[in-house]
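Let's start with one chain on its own, the form predicted on its own, as structure tokens.
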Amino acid sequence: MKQLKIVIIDYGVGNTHSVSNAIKHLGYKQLKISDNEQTIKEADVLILPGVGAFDECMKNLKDSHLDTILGEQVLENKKPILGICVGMQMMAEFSEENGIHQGLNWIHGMVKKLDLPKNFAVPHVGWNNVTIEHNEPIFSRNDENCNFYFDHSYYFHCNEEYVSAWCDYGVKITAAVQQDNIFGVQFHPEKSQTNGLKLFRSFFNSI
């Protein structure tokens, strides 16, 4: 059986090696961390990780022209992609983190700061149960109300039609989004032990 060619996008920020280690643990060998246009074109599936501030991540993507390359592969060629944390947030139209900054504009919505009840800390760090709205494809192996590891101060505010999972942290927070071949998770599957590995496996098996 042909192995998937998986490329983790390298744009100078993000937890690329921890994501790579988690995917390698599942036995996928055709895996690269790269910003090379040809390598990205040859991939079967893309992973867009993200750690840090939205504006810095978007700047790095644009400076390396990866926003254009990814737009062509994802929007025109319909290549599957999974965004992780800020990688998911960059799929929005805008973010209000450190001012108003334009995103990739792949999924209609805006990244907003968490506005929580007083007894809930910001950033939202730690394990949280997730309510799954759409099992297919990325949650097909996960149990209902499974938990994942979160670490964020901003969240993706979008129409419910794009929300495949959410969590309760004083307010209802978007935990995962999907539209056609575009998928994103606010939590870190690479830090979420068995549940995270199940999610990666479901995503890759759906391709």
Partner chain sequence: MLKKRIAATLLVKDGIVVQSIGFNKYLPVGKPAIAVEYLNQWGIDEIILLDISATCKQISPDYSMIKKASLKCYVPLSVGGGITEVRHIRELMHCGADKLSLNQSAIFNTDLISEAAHIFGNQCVVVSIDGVKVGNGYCVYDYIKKTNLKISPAEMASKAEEAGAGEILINSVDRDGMYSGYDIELINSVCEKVTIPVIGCGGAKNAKDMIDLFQNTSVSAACAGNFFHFTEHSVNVTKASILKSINVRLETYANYKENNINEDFRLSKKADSVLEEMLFMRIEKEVI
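Numbering follows the first chain given and starts at 1. Since this is a predicted model, take the numbers as computed values, not measurements.
There is another form of the same protein, the form predicted together with its partner chain; it is not shown, and what comes next is about it.
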| item | value |
| --- | --- |
| Residue contact check: Tyr162 to its partner chain in the model of the complex, 4.5 Å heavy atom | no |
| 4.5 Å heavy atom contact, Leu70 and its partner chain in the model of the complex | no |
| Contact flag, Phe94 vs its partner chain in the model of the complex, heavy atom cut 4.5 Å | no |
| Contact of Asn77 with its partner chain in the model of the complex (heavy atom, 4.5 Å) | no |
| Complete contact of Ile8, Leu114 and Asn181 with its partner chain in the model of the complex (any heavy atom, 4.5 Å) | no |
| Residues of stretch 181-207 in contact with its partner chain in the model of the complex (4.5 Å, non-hydrogen atom) | Glu190, Lys191, Ser192, Gln193, Thr194, Asn195, Leu197, Lys198, Arg201 |
